[in-house]
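Okay, so here's just one chain, in structure tokens, the form predicted alone.
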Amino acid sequence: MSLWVDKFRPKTLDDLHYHHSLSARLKSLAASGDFPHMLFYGPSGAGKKTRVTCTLRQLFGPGVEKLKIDQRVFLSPSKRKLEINIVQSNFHIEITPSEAGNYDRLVIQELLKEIAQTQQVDLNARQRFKAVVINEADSLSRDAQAALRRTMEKYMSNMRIILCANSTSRLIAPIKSRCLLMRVAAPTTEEMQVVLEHVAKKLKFDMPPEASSQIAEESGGNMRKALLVFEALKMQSPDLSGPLSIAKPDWETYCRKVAQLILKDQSPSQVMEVRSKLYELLSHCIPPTIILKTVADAIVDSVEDNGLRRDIMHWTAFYEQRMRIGNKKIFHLEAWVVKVMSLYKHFYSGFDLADFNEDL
């Protein structure tokens, strides 16, 4: 039994319920016979992977849905074994090289070279090339991106690369210049309601408009989250009548507790307490950028002064950029916490920032 988010996933570009102009453009590209390398980017839950899958079906036909999952083993220069899961059909292959960590360049070089040097053997295929879908492209190391750029240039005749990323900021310019960029924006509340009502109709269920509206607003533009919340609520209350109680994820509640700790006391001992909470979140695989954004939003919601809000968001953006460049995420998270504490204490008590920094 599959989740609704998978069960009712659109299979063709015509089935998609929003961004119709983007769907029309993808259909035109698939029919043109000159399909380029592509980069799909946008926030999580906007529908990038669904749109890529629909585009592949438009290119190659229903054969791309016959998938098999393999596990490939790569050897690092130090003879360490790297296991990477690969999803593939006769026409395409889907990989996530960032699973290999610092050895993602090795996966890119070996796997893509192997694919690119083989010809398409299916005589019934609509296209003479194979497609390679690379997930989490913005998490690739600089070396892996450089290797990818060379592969894109050398093997264009046999292979097309489709990149999926949340942001283009971490991708090197040569890769972006070799791809056709497709921005998949987060759906609006109205568009999300249309999808929720479509799923309800498939289930032969009359969904109250206020329920779809509340789910869409709580999901914040994340279509995947909206469908998961809808399914969970439907199991709890079959008719979705009355006020709905949408539970927050545990990690989000924990982030709000961290925000309360920051605002409650601004001292070196409190910094250490917050640091232990941040370690707890990181150890449960919550991405550091998500932690930073969630805690910052909770703090800004609790602050009334617009000037202080602006300063907090400025330094949040500053440390997020530092965190993307650096390696030790906890250092940048802790530095941001100290900065916010100093701003908050200085604003509300006239506290001297120099004294706080000396204590640390």
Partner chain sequence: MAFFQQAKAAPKHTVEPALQPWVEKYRPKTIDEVSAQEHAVAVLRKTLFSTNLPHMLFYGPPGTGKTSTILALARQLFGPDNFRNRVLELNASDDRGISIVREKIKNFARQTPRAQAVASDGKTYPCPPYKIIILDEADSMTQDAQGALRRIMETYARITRFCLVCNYVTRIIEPLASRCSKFRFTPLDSSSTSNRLSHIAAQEHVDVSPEVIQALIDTSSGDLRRSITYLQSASRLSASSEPPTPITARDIQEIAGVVPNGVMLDFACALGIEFSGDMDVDSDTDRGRKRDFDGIRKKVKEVIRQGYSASQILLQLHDLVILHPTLPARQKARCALIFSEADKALCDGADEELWVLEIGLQVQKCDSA
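Fair warning: this is a prediction, and the values are worked out from it, not measured in the lab. Between two forms, the rigid core is the largest collection of C-alphas that superpose within 1.5 Å. Numbering follows the first chain given and starts at 1.
Here the subject shifts to the form predicted together with the partner chain, a form of this protein not shown in this document.
Here the marked residues R105, P174 and E320 all reach the partner chain in the predicted complex, each with a heavy atom within 4.5 angstroms. Using a 4.5 angstroms threshold between heavy atoms, N327 stays clear of the partner chain in the predicted complex. Though the partner is left out of this view, F91 does reach within 4.5 Å of the partner chain in the predicted complex, counting heavy atoms only. In the predicted complex, at least one heavy atom of R160 sits within 4.5 Å of a heavy atom of the partner chain. A residue is said to contact a partner when one of its heavy atoms sits within 4.5 Å of a partner heavy atom; T50 fails this definition for the partner chain in the predicted complex, lying far away.
Between the options A259, I286, I115, L196, the residue in contact with the partner chain in the predicted complex by a heavy atom within 4.5 angstroms is I115. Stretch 152-160 is the answer when you ask which of 152-160, 263-271, 227-235, 277-285 has residues with heavy atoms within 4.5 Å of the partner chain in the predicted complex.
In the predicted complex, the residues of 58-87 lying within 4.5 Å of the partner chain by at least one heavy atom are, in order, D70, R72. Relative to the superposed core, E320 shifts its CA atom by 2 Å or more between this form and the one not shown. Relative to the superposed rigid core, the position of the CA of L343 differs between this form and the one not shown by 2 Å or more.
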